[in-house]
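Shown next as structure tokens: one chain only, the form predicted alone.
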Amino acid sequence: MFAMLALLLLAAALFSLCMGASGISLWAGLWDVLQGVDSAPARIILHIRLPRTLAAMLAGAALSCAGVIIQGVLSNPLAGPNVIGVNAGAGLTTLLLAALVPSAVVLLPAAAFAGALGASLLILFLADRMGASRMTVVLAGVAISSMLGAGSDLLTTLNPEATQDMSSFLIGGFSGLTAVRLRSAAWYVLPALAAAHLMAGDLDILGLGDEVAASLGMHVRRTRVLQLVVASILAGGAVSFAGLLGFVGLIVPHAMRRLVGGEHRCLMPVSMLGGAALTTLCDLLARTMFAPYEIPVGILLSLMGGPFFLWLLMYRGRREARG
């Protein structure tokens, strides 16, 4: 399965480099890049398509792994970075930084991480305090996401000049992405991806229950907080350059769990590949379906994720009703 997903991702990346509004030869463009020739195909591949493809892969991998962690920490398969407000928290602090310090592009991932971590810890606090059903925790997360989203809308309303270029950010997409924003986020996201894979086994122990995990020598609360820190870096880093992409962290972990099971040491890497492939393919469709016009990939992901979330709610409701 890992090899199949790796091949799918490779194919998606090659198609992303080949296809676009400009009909150019990929191999001619790559040859010009390797030869250092400053041709139009070389500039299109090097400065437009390659950064966009890398961004889609990185964002998809980060959001999918963040979804795996959040679902494991909360023991709730309905949770996801966009569902419980993690993305919304990252979006609010990113907009706030853009409004207050427009030139501090390099600090966008750090601001997004702070917002994502704050939302994650708030959800963990509510889950501990309420001791309620999984559905109640999800509904609380939806409420928090709505409030944080309202804060972003208020900021754009009160300070439209500072946030006038952030409309695509609120939808989610990779149009106009600069290499500086991608590079600064990659310094955060790539180490967090490595940490997520190294810590994946702890999620299996957490899934056994707090008492069993503690009896095995695990410091449960510290492990949960540390996992949420990693998930917040992943989600915040992705939001800082990709905007508020929705449902990747919900769809991919569920799909991969059906293919490889629930063991997180296996689930984490296949979710990373699956998320990268899904986001790259969706971005390719978003910019080629109506060429030469382009729709933000966040719209396409929401059109896919909304029905999937409703199906998931109905499926789990029927299963719980049967007992």
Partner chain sequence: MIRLEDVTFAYQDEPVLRGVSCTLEDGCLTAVIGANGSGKSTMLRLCAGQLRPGSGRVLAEGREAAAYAPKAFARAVAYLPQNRPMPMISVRSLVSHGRFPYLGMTRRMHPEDEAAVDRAMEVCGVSALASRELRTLSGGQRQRAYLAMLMAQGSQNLLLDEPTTYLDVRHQLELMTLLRQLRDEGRCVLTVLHDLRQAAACDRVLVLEQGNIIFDGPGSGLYGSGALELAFGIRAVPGAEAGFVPVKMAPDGI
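Positions refer to the first chain, counted from 1. Remember, predicted model here, so these are calculated numbers, not experimental data.
FYI, the form predicted together with the partner chain isn't displayed, but the following is about it.
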| item | value |
| --- | --- |
| The partner chain in the predicted complex: contacting segment from 254-262, 51-59, 268-276, 282-290, heavy atom within 4.5 Å | 254-262 |
| Contact flag, M218 vs the partner chain in the predicted complex, heavy atom cut 4.5 Å | yes |
| 4.5 Å heavy atom contact, G151 and the partner chain in the predicted complex | no |
| In the predicted complex, A214 touching the partner chain (heavy atom, 4.5 Å) | yes |
| Exercise: G209 in contact with the partner chain in the predicted complex, heavy atom 4.5 Å | yes |
| Partner-contacting position among A140, A99, A114, I205 - heavy atom within 4.5 Å of the partner chain in the predicted complex | I205 |
